[in-house]
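Taking the form predicted alone, here's one chain by itself in structure tokens.
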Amino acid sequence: MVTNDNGGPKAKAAGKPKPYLLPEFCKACARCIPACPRDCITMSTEINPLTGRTPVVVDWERCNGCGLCLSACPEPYGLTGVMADEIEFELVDPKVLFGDKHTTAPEPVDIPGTRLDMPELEPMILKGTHASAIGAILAGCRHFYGYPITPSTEGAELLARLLPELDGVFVQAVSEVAAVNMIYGCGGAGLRSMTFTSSPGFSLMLEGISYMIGAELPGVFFNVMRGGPGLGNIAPEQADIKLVCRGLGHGNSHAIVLAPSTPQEMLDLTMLAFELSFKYRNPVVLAGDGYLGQVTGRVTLPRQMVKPGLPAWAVHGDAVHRKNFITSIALIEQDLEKHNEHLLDKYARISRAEQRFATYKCDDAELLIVACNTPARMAKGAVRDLRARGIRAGLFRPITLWPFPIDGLLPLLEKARGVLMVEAGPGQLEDELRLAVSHAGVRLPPVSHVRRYGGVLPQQHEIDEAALAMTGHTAPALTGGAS
């Protein structure tokens, strides 16, 4: 019998035709092995380089062409009766699998957004999550998908009341997993969407966030961090910093992480998050803490709001955008490598352009206190106390946790004789600082820290005492309120 390159029959012999094996379609399920009455089929010991699986092998001399293996094979063309030269197989990326989409519509172009003037209004007293919800509306967000979880739910509740009045969409999904995939679809359509969640819910969204990063889709995720691990409690903690900076799902994934510290910043940074998300075609994460989500504060509304446009790349469901295609899969290794190189280039551009931070009395600071979110407010009060004692302390507050604002920190480290990290967590902010300093090739001065866990916030007197100890003072710190 004449055989082809795979060992199968090249032409139909007299009697029953023998099957043909196409290894690229075999998924190694092994269902054909017990189906063969002559024990002709075994598992291969070699990996197919196109699929990464070990397909079956067939002893064609023993095969009598009974065809039982064809009935057992769940994959079309894994085992088939079609002749080899009648099958054309090539592992093809989904983007080109079905060829060009035919349309007579012109090539899509960006429809830029516009800014609309607003009247000057009196400041408002708003809860942190309410301020963020209003910021989302002013940024042009008309789509919300989420699942309620304390202490973030009030933001979703406010949007549930307001979005229907603005011809918007509010969907309480069946789970966080469902919500993130709705955001994926909305971002793919080129529309602005967001969610409010908290630590356990954010963990469930990571797979979908990784898909969005791979597909380069915008979307805003507000993670109001609470105590963990597990269900933990609903009190404020900062133990998701490692997650949002280094663990956004599988693969080569990063997103800008913004850390507000006041209700005013909850509004302002939410508006910024939408701008950055569409600028870089990437999710943006807002990382607050449970106290900041619930506390009320004075908030001044901006003088302009955003009327969004429509990006040319969107899969918007109309004829103009018919040719567009969005996916996070690249089956050919070299294609995926090229895509990852593109993402790394984007991350590098973000790292250079989007570092944000704030300082307080850092011009001559010998002791640098580093904190973000609510603990930064206690640290600011401690700086005032220490200054009153003649200790030149200053506060460095990262606003972007990723990229960490190392360019703003390095000049301050040249003068600092010590660094005091203040966190409601196990040192994850300190890890980001140390990693950024290490990459910059700079040596840190002595570092100490104030850390609280499980929803307990660092107190101002604890920061005072740690700072006094670092500077060689033993007298108790002055008392003062945080701002």
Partner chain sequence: MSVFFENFDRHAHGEGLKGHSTHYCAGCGHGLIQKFLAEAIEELGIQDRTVAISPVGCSVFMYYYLDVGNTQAAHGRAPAVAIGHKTANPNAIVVSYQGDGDLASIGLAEIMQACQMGMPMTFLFVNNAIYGMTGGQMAPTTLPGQKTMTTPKGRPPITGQPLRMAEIVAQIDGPVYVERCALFDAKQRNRTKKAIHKALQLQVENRGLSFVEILAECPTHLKLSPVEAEQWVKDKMLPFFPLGVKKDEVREPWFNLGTPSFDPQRIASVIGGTDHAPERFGGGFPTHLHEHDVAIKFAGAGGDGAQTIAMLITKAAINEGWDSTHIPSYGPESRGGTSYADVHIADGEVLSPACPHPQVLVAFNPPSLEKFGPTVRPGGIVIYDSSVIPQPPDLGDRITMIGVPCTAIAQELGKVMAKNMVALGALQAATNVFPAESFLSMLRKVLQNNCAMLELNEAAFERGQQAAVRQSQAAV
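Each form is matched to the other, and the largest set of C-alpha atoms that superpose within 1.5 Å is called the rigid core. Residue numbers count along the first chain shown, from 1. Because the structure is predicted, anything quoted here is derived from the model rather than measured.
Not on display, but discussed next: the form predicted together with the partner chain.
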Residue stretch of 237-245, 345-353, 313-321, 398-406 approaching the partner chain in the predicted complex, non-hydrogen atom distance within 4.5 Å:
313-321
Which listed residue (149, 391, 171, 271) meets the criterion of a heavy atom within 4.5 Å of the partner chain in the predicted complex?
171
Counting any non-hydrogen atom inside 4.5 Å, which residue from 160, 358, 206, 72 sits next to the partner chain in the predicted complex?
72
I'd like to know if residue 380 sits close to the partner chain in the predicted complex, meaning any non-hydrogen atom pair within 4.5 angstroms.
yes
At 4.5 Å between heavy atoms, is residue 111 in contact with the partner chain in the predicted complex?
no
is_contact(residue 298, the partner chain) in the predicted complex, heavy atom dist at most 4.5 Å:
yes
Taking the shortest heavy atom distance, is residue 153 within 4.5 Å of the partner chain in the predicted complex?
no
For the three residues 39, 132 and 440, verify that every one has a non-hydrogen atom within 4.5 Å of the partner chain in the predicted complex; reply yes or no.
no
Is any part of 33-66 within 4.5 angstroms of the partner chain in the predicted complex by a non-hydrogen atom, and which residues would that be?
34, 35, 50, 51
Would you tell me if residue 22 moves between this form and the one not shown by 2 Å or more at its C-alpha, with the rigid core held superposed?
yes
After superposing the rigid core, is the C-alpha displacement of residue 275 2 Å or more between this form and the one not shown?
no
Once the core is superposed between this form and the one not shown, does residue 417 show a C-alpha displacement of at least 2 Å?
no
